[in-house]
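As C-alpha cells, one chain now follows by itself in the form predicted on its own.
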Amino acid sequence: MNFDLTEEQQMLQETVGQLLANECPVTRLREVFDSDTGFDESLWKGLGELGILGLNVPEDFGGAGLETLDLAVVAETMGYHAAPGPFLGHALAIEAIVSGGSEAQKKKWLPDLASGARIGAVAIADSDGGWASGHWKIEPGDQVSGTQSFATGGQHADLFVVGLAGGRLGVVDAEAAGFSRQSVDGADLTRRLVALEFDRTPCELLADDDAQAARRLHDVGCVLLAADAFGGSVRLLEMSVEYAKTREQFGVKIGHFQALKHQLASMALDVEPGRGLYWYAAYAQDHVADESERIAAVAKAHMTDRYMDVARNAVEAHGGIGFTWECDVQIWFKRAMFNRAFLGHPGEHRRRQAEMAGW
C-alpha cells in the first residue's frame, strides 16, 4: 500500500511551487503585503493558466475534476510561499457550488470561476463570531438583508457564497443592488478581509436544502487551512535553521548552541507528523464520509495550533527580530494568526471532535 502522494500530485505541487517562486519571491511578496489591495494580478493569471483555480471544478464545467487532496497539496504550497490573494475563498466558493448547486447553477458559475475570469469568495462568519451553519441568521430568500463578517478575498470577488439561516447557501453578485462591502483590518495582509452588508439584495439560493453543502464547505475549509499551516510551518522551520547557520554570536554560529539545537529539533518534531494528518483529512472528504467531519476538526485544531507555536519559536530563534517589519518571519507569523482564527479557534474544533466522539 502506498502512503505517499501520487506522482501526479507531486508534479502538481512542484509546478505550483515553481510558479510561486518565480512570480512571487519574497521581494515581490513584500510589495504585495505592503500594498493597498494585497492582490497580484499577474500571479492570479498564472494560477489560472495552470488550471489551479479550477482544480475542484468538474471537467464538464471547465475544471480539472480533481479531489480535495489535490487541492490541499496546492494549499500547502501556497502556505509555504505565503502566497497572497483570494485563493482560499475562491476554492471554497467553488466547493459550495459543486456540492450544493443544481446543474444549471453549476453551468452558470463554474466555468468562469475555473478559468479565474471571475473570483469567488465565501461569507460564512456571523456578526457574533460563529462560523458553523447553526449560527447564521440571515433569512434565505430571493432577496436577503443582514450582515456577514470576515469574507476572505472579498475585496476582489465578483460573487459571494453567503451562509444563511437553516444551513442554506446563496450566491450574491457583487454588482447586485443593495450590496456593499467594507475592508476589515487584519494582521495577515496576504489574505484581506471584508465585511458584507445586504439590504434586500438579490440572492440565488443553491439547490441543496439539507445543509450538507454547508457542512462540506466548512470542513473542506478546515482541511485547506490545516494544509496551509503545514506549509507555513515548514517554511518557518527552514528559515530558522538557515538563520542559525549564518548568525554569529561570541565569534561562533548560533547553531552551535545546544539550547537552539534543541529548540529547532522540537520545531521539526512538531511539524512533520502534521503531513499525514492533513493528507488523511483531505482524503476523508471524498472517501471516508463517516470520519470526514471529525478528522477535519482534528486537522484544523492541531495544525493551526502547531503553526502558531512554530511561529513563536521562529521569532525566538531569530533573537526577537522575527516580528519586526524588516524580517520576513513576521509575514508567516501573521498568516499563522489568520489560520488559527479563521473558521473557528482550535478549542471550538476540539469541542466538536469531542461531541462527535460522544465524550
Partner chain sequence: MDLNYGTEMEDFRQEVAQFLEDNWPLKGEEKDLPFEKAAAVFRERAIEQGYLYRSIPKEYGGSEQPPDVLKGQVIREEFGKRWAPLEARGIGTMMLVPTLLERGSEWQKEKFVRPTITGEITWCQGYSEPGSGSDLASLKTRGELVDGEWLINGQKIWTSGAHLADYMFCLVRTEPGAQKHAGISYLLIDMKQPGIDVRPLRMMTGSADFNEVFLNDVRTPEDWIVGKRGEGWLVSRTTLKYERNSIGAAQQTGAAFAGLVKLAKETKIGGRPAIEDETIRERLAVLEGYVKAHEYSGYRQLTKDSKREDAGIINMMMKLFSTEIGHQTAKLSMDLIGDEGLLSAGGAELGQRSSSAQGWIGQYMYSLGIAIAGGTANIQRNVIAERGLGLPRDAAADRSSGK
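Bear in mind that the values here come from a model prediction, so they are computed numbers and not experimental data. Positions refer to the first chain, counted from 1.
We do not show the form predicted together with the partner chain, though everything after this point is about it.
Between the partner chain and the residues G129, G166, P273, G141, the one pair within 4.5 Å by heavy atoms in the predicted bound form involves P273.
Though the partner chain is absent from this view, in the predicted bound form it lies within 4.5 Å of a heavy atom of just one residue from A311, I331, L69, A317, which is L69. Just one listed stretch, out of 234-242, 85-93, 144-152, 129-137, contacts the partner chain in the predicted bound form at the 4.5 Å heavy atom level, and that stretch is 234-242. At least one heavy atom of R294 is located within 4.5 Å of the partner chain in the predicted bound form. Heavy atoms of W279 reach within 4.5 Å of the partner chain in the predicted bound form, making it an interface residue. The partner chain in the predicted bound form is approached by A265, whose closest heavy atom lies within 4.5 angstroms of it. The closest heavy atom approach of Y283 to the partner chain in the predicted bound form falls within 4.5 Å.
Every residue of the trio T6, G347 and Q353 has some heavy atom no more than 4.5 Å from the partner chain in the predicted bound form.
If you take 293-321 and check each residue for a heavy atom within 4.5 Å of the partner chain in the predicted bound form, you get R294, I295, V298, H302, R306, in sequence order.
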